[in-house]
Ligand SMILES: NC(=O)c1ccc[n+]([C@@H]2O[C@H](COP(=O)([O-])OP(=O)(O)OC[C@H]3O[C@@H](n4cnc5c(N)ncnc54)[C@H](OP(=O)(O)O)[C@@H]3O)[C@@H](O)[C@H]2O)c1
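First comes one chain, alone, set out as structure tokens in the form predicted on its own.
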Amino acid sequence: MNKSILITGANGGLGKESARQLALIDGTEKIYLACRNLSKAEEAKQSLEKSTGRTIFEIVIMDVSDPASVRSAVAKLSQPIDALIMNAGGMGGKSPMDVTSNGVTSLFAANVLGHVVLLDELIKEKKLTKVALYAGSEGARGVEDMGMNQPDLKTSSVDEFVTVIDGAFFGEATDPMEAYGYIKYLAALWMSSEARKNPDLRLITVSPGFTSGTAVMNDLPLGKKLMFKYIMMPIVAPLKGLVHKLEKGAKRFVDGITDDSFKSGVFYASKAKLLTGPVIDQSTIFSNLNNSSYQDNANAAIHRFIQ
């Protein structure tokens, strides 16, 4: 049982819905809503209190694209948490491949960098007691129907992973959807590496699947955004069974942190060629995910950018 849970990106979408579902579980005593915008966080808190009838929500101001903001938030936690859901992310805004002051692309900063710092700090300060879940994506193993090829690296060395993180791997004409898949791949490898280093914790990656009601597609280039909004999401995806509702996507996260059958170090997502339905170990689809050397190389590459 997880009495206290911290959720990043909790002011809307999957984060907020996960908070709602968790609040309805007996034994949940505190849910920290980690958000970067105070006004949006307060609106989410009020909405959640109304929908659940519970006053167990506490706001934590945190911008996961800014390591300093993450460290400050962890330092302010007065008590350890039992569970962590690292949900915040997206397509990196209007300029996803621009390099930040930390030397990583905006896309990587939004999805991975601060979450790595968050997990590091929680473990170092002994403020995480049971389980951490990172929000993965089927893009990490490739999704043909979404135009996302399986990540293809020549060596999977630390140096090659560094080029994915700083954007050099992709060149100038980059499809952010392709880069997103590679970044989620690195994140899944990182979580598996950390799981082996921290056997006293359960560290997993879980994809919410292709979920309606999220804002992740808003940052896509205009052409792709219109295609997803007016063609893929309402017409093509439902016909092919490739999309499910927000409640089901969030339920994957809730199950991940509450069900011990989700084994540490494993990346769980939909079956091959699907984006919904039951989740399975993704290394059965893409064996590279189970390569311990690749996992440790990805982890080392990420930590080159963390001071």
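The first residue of the shown sequence is 1; numbering continues from there. Owing to the predicted nature of the structure, the values given are computational and were not obtained by experimental measurement.
The form predicted in complex with this ligand is left out here; the points below concern that form.
Visitor: Please tell me whether any heavy atom belonging to Leu189 falls inside 4.5 Å of a heavy atom of this ligand, as the geometry stands in the model of the complex.
Guide: Answer no; every heavy atom of Leu189 is more than 4.5 Å from this ligand in the model of the complex.
Visitor: Does this ligand get within 4.5 angstroms of any non-hydrogen atom of Lys184 in the model of the complex?
Guide: Yes.
Visitor: Would you classify Gly90 as touching this ligand in the model of the complex, given a 4.5 Å non-hydrogen atom cut-off?
Guide: Result yes; Gly90 sits at the interface with this ligand in the model of the complex.
Visitor: Verify the contact flag for Thr211: yes if a non-hydrogen atom of it lies within 4.5 Å of a non-hydrogen atom of this ligand in the model of the complex, no if not.
Guide: Yes, contact at 4.5 Å.
Visitor: Hey, of 157-165, 71-79, 106-114, 189-197, which bit sits against this ligand in the model of the complex at 4.5 Å between non-hydrogen atoms?
Guide: The contacting stretch is 106-114.
Visitor: If the cut-off is 4.5 angstroms on heavy atoms, which of these, Arg54, Lys40, Lys251, Lys273, is the one near this ligand in the model of the complex?
Guide: Here the answer is residue option Lys40.
Visitor: Which residues in 46-84 have a heavy atom within 4.5 Å of this ligand in the model of the complex?
Guide: Result: Met62, Asp63, Val64, Ser65.
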